[in-house]
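Listed next as C-alpha cells is one chain, alone, in the form predicted on its own.
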C-alpha cells in the first residue's frame, strides 16, 4: 500500500468518491499487481484466522514460564456471574484480548496485527463487534482493510516495533488501527476514521516496552486489554462527532519523536520499567535458575 499519510489517503478517497477501505484495496492491487479477488481473499483469510484463534483458546494452557495462562478463563467466569462493572460488551472485549494475548504466549496460532505482542487488540474489538452488530464476514474484512491502511501509515511515519518505539508502537498502533476499523464498520466517514485513530494513539503516547524477563507476557498480555478498551472509547468519541485537535499524521509523527527520545532501557530490552522492579527481577532470576 502506497499511502504514507492520512491526508493523502483521505484525499484519494474523496477524489474518487470511494470509501477509505476501498482506497486501500485499490492501492494494494496496484502495488502488488494482483487481482481484486486475490487481495480480498488474503484479507478474508486474516479475518478467518482471527476468529479461529479467538475461538480455539484453551484456558488450561500455561506459557513455558508459567507467567501467563488462564486469565481469560477467569474473566469468562466473572462475566457469566452477570455483575461486571464494564457490562457485557466491554467485558467480552476484555476477555477476548486476554485470550489472544495468552494464546500468543502459549505458542498458539495468532495474527500479528501489527505485531504478535499486540495480537489481541484487533480481534477483541472486531470479533465482539461482529457478534453484537450482526456484521457479515465481508463487512469485517472491509474493516480490516481500513485497519491495514492505518497500520501502513504508522509504519511509514513512525514505528510498529517495541524495540524501536516502545509499547506505544505496538499496543498504541494496534489500538489506533482497531479504533479506525470500528469507525468504518459503524458507517463513520473517513474523517471520523482518522479522528478515531488519532484519539486512540494520543491516549497511549509514551507507553514503554518493559517486558519482565524479556518475555512477551507481563505486562504485554494485559496491555492488549487496555489497547482494545481504548479503541472502543476512541471510536465512540469519533462517531459522536468529537474531533482530534491534532491530526492523525501529526499524532503519528509525535509517536516517532517520543519513541526516538525514549531510553533504550524502555524499548524491549527488559532493563527498565516493570522489568527492573524487585518483583520483575525476582521473576527473571527464577526463570534463569529453572533453565
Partner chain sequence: MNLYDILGPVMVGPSSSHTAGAVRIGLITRRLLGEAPAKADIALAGSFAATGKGHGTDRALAAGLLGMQPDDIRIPRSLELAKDQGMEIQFREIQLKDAHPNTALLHVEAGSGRELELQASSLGGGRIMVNKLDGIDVNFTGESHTLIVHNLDQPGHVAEVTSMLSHKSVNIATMQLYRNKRGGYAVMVLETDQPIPEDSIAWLSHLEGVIKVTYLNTMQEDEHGV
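Treat the numbers as computed from the prediction; the structure is a model and nothing was measured. Residue numbers count along the first chain shown, from 1.
Keep in mind that the form predicted together with its partner chain is missing from the display, and what follows is about it.
**Q** Out of 50, 251, 225, 232, which one falls within 4.5 Å of its partner chain in the model of the complex, going by heavy atoms?
**A** Looking at 50, 251, 225, 232 one by one, just 50 meets the 4.5 Å heavy-atom criterion.
**Q** Could you tell me which one of 105, 184, 127, 95 places a heavy atom within 4.5 Å of its partner chain in the model of the complex?
**A** Looking at 105, 184, 127, 95 one by one, just 105 meets the 4.5 Å heavy-atom criterion.
**Q** Answer for residue 109 alone: is it within 4.5 Å of its partner chain in the model of the complex, judged on heavy atom distances?
**A** Yes, contact at 4.5 Å.
**Q** Taking its partner chain as it sits in the model of the complex, is residue 166 near enough to touch it, meaning that at least one heavy atom pair lies within 4.5 angstroms?
**A** No.
**Q** Residue 28 near its partner chain in the model of the complex, any heavy atom under 4.5 Å?
**A** Because a heavy atom of residue 28 falls inside 4.5 Å of its partner chain in the model of the complex, the answer is yes.
**Q** Since only the chain is shown here, I'm wondering whether residue 243 would be in contact with its partner chain in the model of the complex (any heavy atom pair within 4.5 Å).
**A** It does not: once its partner chain is placed as it appears in the model of the complex, residue 243 has no heavy atom within 4.5 Å of it.
**Q** Contact check in the model of the complex: 39, 114 and 155 versus its partner chain, with a cutoff of 4.5 Å between any heavy atoms. Do all three pass?
**A** Contact check passed for all of 39, 114 and 155.
**Q** What stretch, of 131-139, 196-204, 87-95, 144-152, brings heavy atoms to within 4.5 Å of its partner chain in the model of the complex?
**A** Checking each option against the 4.5 Å cut-off leaves 144-152.
**Q** Taking its partner chain in the model of the complex, which residues along 172-191 bring a heavy atom to within 4.5 Å of it?
**A** Counting only heavy atoms within 4.5 Å of its partner chain in the model of the complex, the single contacting residue of 172-191 is 177.
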